[in-house]
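The chain below stands alone and is given as structure tokens, in the form predicted alone.
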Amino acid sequence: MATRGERIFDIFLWLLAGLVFVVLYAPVAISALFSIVEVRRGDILWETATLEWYARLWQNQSIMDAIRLTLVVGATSVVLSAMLAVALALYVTREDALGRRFIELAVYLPFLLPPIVTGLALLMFFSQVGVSRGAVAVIIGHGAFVLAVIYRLVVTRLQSLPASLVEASSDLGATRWQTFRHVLWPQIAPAVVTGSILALALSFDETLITSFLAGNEMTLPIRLWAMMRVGFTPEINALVTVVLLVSIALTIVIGLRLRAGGRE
């Protein structure tokens, strides 16, 4: 049976957790509220509740273009990063791999550095090699940024597999491609999917790196930032709510997949 001190400590932890929960999610609730009701002189006019501003988002061509570009950038960068991450992970987990430390430094550095440093470094690199700012530069920049996430999960999964799996496949006459397709891929696919979802969430919210590389192109976070300069309007609150809900949904999916993976 818990002592009085333990009960007091448990209550304190619950209160602390509740406070953190309020601080994290109160902005979401406020943005959602102000996106459907009107506020005049500090008073909330409940009778003005409407979903009109969400409908206007779909009618705003600039916002829809930003959403499409964000999805294209996110999906393309994640697919390219996943392919590269799997290839690098397969190589560095080999016993005879050369330059393992250098490869891991190159993979982790863009993710570990402050985004403003990564964005500036990528901008300087692209200007030297003749790649103009735009969607292609943003895709490459996001790919370099999220590569470490997928790579880490795939490497961890590969290192947990017994070497006898690959040896048995080779003894049975399977080629390297057949070994990868029928033995390794089924084992690392959950890690690739989980890492890709996390990478997509990071790409969806990335602003600093994008601001250096986008040029005249606008992803959704950049478009939202431009709209916020003129103040908060119901349309901006609706867009903020949509962005936050998508981010939260992706985070929940990631958490569920990581939890399920931990039980395997």
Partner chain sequence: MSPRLARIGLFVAAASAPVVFVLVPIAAFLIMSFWRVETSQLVPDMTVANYAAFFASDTYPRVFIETLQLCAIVAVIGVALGYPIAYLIWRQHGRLRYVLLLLFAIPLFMSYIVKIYTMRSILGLQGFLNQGLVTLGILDQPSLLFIYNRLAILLTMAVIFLPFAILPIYLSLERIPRSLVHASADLGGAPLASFRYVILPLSAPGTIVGALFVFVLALGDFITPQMVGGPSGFTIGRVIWSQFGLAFNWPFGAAMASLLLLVAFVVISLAALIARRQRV
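Numbering follows the first chain given and starts at 1. For clarity, every value in this text was computed on a predicted model and none was experimentally measured. Take the two forms, superpose them, and find the largest set of C-alpha atoms that agree within 1.5 Å; that set is the rigid core.
Another form, the form predicted in complex with its partner chain, is not on view; read the next lines as being about it.
Practice task
State the residue from V72, A189, I103, M83 whose non-hydrogen atoms include one within 4.5 Å of its partner chain in the predicted complex.
Solution key: That would be I103.
Problem - 4.5 Å heavy atom contact, L202 and its partner chain in the predicted complex - result: Yes - in the predicted complex, heavy atoms of L202 and its partner chain come within 4.5 Å of each other.
Problem - Heavy atom of W185 within 4.5 Å of its partner chain in the predicted complex - result: So W185 does not count as contacting its partner chain.
Handout entry: Contact test in the predicted complex: A66 vs its partner chain, heavy atoms, 4.5 Å
Key = No, no contact at 4.5 Å.
Practice task
Would you please decide whether T50 lies within 4.5 angstroms of its partner chain in the predicted complex, comparing each non-hydrogen atom pair?
Solution key: Judged by the heavy-atom cut-off of 4.5 Å, T50 is well away from its partner chain in the predicted complex.
Practice task
Could you list the residues in 110-136 that come within 4.5 Å of its partner chain in the predicted complex, counting only heavy atoms and keeping sequence order?
Solution key: Going through 110-136 in order - heavy atoms within 4.5 Å of its partner chain in the predicted complex - the hits are P110, L112, L113, P114, I116, V117, L120, A121, L122, L123, M124, F125, S127, Q128, R133.
Practice task
Would you tell me if I252 moves between this form and the one not shown by 2 Å or more at its C-alpha, with the rigid core held superposed?
Solution key: I252 C-alpha, core-superposed: shift of less than 2 Å.
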